[in-house]
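Read the single chain below, which is given as structure tokens and is the form predicted alone.
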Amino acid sequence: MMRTVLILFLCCAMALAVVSLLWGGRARERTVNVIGSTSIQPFAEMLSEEYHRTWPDRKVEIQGGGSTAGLQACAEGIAEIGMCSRALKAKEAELFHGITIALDGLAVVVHPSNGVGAMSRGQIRRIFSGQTTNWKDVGGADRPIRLITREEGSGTREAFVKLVMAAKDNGADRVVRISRKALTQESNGAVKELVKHDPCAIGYMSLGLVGGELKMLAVDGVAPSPKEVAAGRYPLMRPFLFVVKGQPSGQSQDFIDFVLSASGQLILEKEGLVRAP
């Protein structure tokens, strides 16, 4: 009798262990890790929440860290999907497949009290390189210019460098360095907070995250807006990418399909981004 009870107990324990392993495997399969750009992060979080509401048994974990960190996480298998807020470089495009989930304008922002409303890319370049140091030199008040930039490895910074700091020098392309005097911040939110409280500051950030607390400058005569980005007229425009290595898993592909669906694109559009082409 005792032996029979012991055998039954061991069988039940083994069955529970198998069920636990199978369920744990399914739980892991149902969680997709998405890591990368802090510009894309808040939009991805909104999409993840809506995706989970539609399919409660599926979960998507969103983490920031920057575009470079997202690509690295994707390469190392830590994340199924990386987020990158710039176009892939040639070598990156050989390793990863970039999926454009939206287009974003890169807004150059100042304090609402700043009298300057527009600049050329050349003027912005001279400011961020440290050549122009006073607002009066670009039509503003006699005040020093305080530069706010993003950290190395940020997709927002790399897009800004490509779109603004690149220049022609005797017919050859060259990139002007951002001044070392610029104050470096690690997120769009941090840039926004500093510019919002400093009448002398200038920074750059995602158009979709500016809100109504900052003043956005027209660039080369075009005011930043989703409409101008969609029309291709606003000069500071970049893609928001989901990046994968190889073929996405079923769950990862499901989330990507949701983001690219009409309902997913509508969420992004309502937040100030432009639908994927």
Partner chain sequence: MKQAAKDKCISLTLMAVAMSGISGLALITGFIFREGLPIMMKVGLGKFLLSSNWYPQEGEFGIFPMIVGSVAVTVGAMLIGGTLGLGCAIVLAQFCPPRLVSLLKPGIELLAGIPSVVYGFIGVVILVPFIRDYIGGPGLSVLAASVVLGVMVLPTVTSISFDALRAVPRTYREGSIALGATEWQTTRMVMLKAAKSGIVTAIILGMGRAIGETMAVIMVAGNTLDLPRSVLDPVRTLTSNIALEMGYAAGDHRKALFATGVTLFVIIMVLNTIALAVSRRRPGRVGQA
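Residue numbers count along the first chain shown, from 1. Computed from a prediction, not measured in an experiment: that's the story for all the values here. Here, rigid core means the biggest group of C-alpha atoms that superpose within 1.5 Å across both forms.
One more form of this protein, predicted together with its partner chain, exists but is not displayed; see below.
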>> in the predicted bound form, does each of 125, 220 and 227 have a heavy atom within 4.5 Å of its partner chain?
In response: no
>> Partner absent here, but in the predicted bound form, which of 114-122, 97-105, 83-91, 137-145 has residues with a heavy atom within 4.5 Å of its partner chain?
In response: 83-91
> residue 133 near its partner chain in the predicted bound form, any heavy atom under 4.5 Å?
Replying inline: no
>> Under a 4.5 Å heavy atom criterion, is residue 129 part of the interface with its partner chain in the predicted bound form?
In response: no
> Does at least one non-hydrogen atom of residue 163 fall within 4.5 angstroms of its partner chain in the predicted bound form?
Replying inline: no
>> Would you classify residue 203 as touching its partner chain in the predicted bound form, given a 4.5 Å non-hydrogen atom cut-off?
In response: no
> Of 47-68, which residues get within 4.5 Å of its partner chain in the predicted bound form if you count heavy atoms?
Replying inline: 65, 66, 67, 68
>> Quick check: residue 142 between this form and the one not shown - does its CA shift reach 2 Å or more after fitting the rigid core?
In response: no
> Rigid core fitted, then: does residue 71 show a CA shift of 2 angstroms or greater between this form and the one not shown?
Replying inline: yes
